[in-house]
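The chain below stands alone and is given as structure tokens, in the form predicted on its own.
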């Protein structure tokens, strides 16, 4: 009988492989295992209808999160006013959609670019704190919307206008917002990977000082990242308003977007990550939400679990970054 003993070379290769496994990868495998196990013990969870539901609820969340990812990649953390912007621009869309869906969409996209472009100018040109600016922008948007609507908490779709309803239909059993999500990911990745401005967003986020030394206009790139975020969030607002046919309360898009970005592995320090990862992060958020709904958990419990997941992701990423340094 031949006895095979591990050689020094094989032991070295195994040790090298183990060292390459990061804390983030271990945590990702652990979270995936937990989600799969709880899905398996949830009645009828692993079915076609359930996965269609997960996809259909992830589209708008993902588009908002993709928008915020542009900011994060540029080294500007997150916006805390995404939910307010979705609400306000959703109200604006329903107010002007009678002019036609495409003119209304273009106007809302322009408004989103202006709202976030101004924030980017304050952050990039004046060095303002992005968190404070986003909170202030949220209050301003809400105040202006309440003034223009006469403090009307609910804006309904105009009666008799049906020209925009294609935006809430399903195609192949999948909502239009999901197909739109795929389109936004493709266009966004092409912008980030194939254009000078897109590549510079990564460079600015990774090392702002080095980017300045290399001659990159950091202020300009910051504004571009914010404008891209505003366009995506504005598009999500039109989809949300078209689907619900009303705009009356803030959703949890700000929180869901942050969770999706961090689960997707985008560095909060900037410079590392991708829109594709964010999309998968949004799918995980929808997966978790769908599973908890099917298990009968109430809203406070679902928020607590998502908060716990977010806390865990942040801790793991910090420990991983410290270990590398």
Partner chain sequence: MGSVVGKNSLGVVRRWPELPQVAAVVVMFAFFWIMTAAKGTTPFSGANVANSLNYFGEYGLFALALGITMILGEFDISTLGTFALGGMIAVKVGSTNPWLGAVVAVACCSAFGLGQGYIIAKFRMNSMTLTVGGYLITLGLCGAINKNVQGNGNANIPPFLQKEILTIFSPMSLFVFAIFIVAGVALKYTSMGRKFLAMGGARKSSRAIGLPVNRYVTVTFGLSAALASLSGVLYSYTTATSLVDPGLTPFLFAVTAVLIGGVSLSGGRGAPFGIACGALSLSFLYGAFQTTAATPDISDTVYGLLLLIVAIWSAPSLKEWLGSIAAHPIFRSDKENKVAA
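Quick caveat: nothing in here was measured; it's all calculated off a predicted structure. Positions refer to the first chain, counted from 1.
One more form of this protein should be noted, the form predicted together with the partner chain, which is absent from this view; the next part is about it.
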_How about residue 78 - does it come within 4.5 Å of the partner chain in the model of the complex, if we only consider non-hydrogen atoms?_
yes
*Can residue 128 be called a contact residue for the partner chain in the model of the complex at 4.5 Å between heavy atoms?*
yes
*Does residue 142 make contact with the partner chain in the model of the complex, using a 4.5 Å heavy atom cut-off?*
yes
*Given that the partner is absent here, does residue 166 sit within 4.5 Å of the partner chain in the model of the complex, heavy atoms only?*
no
*Just one of 60, 288, 279, 262 has a heavy atom within 4.5 angstroms of the partner chain in the model of the complex, so which one?*
262
*147, 171, 182, 99: which sits within 4.5 Å of the partner chain in the model of the complex by any heavy atom?*
147
*Contact check for 109, 175 and 293 against the partner chain in the model of the complex, heavy atom at 4.5 Å*: no
_Based on heavy atom distances of 4.5 Å or less, which listed stretch (128-136, 158-166, 90-98, 230-238) is in contact with the partner chain in the model of the complex?_
128-136
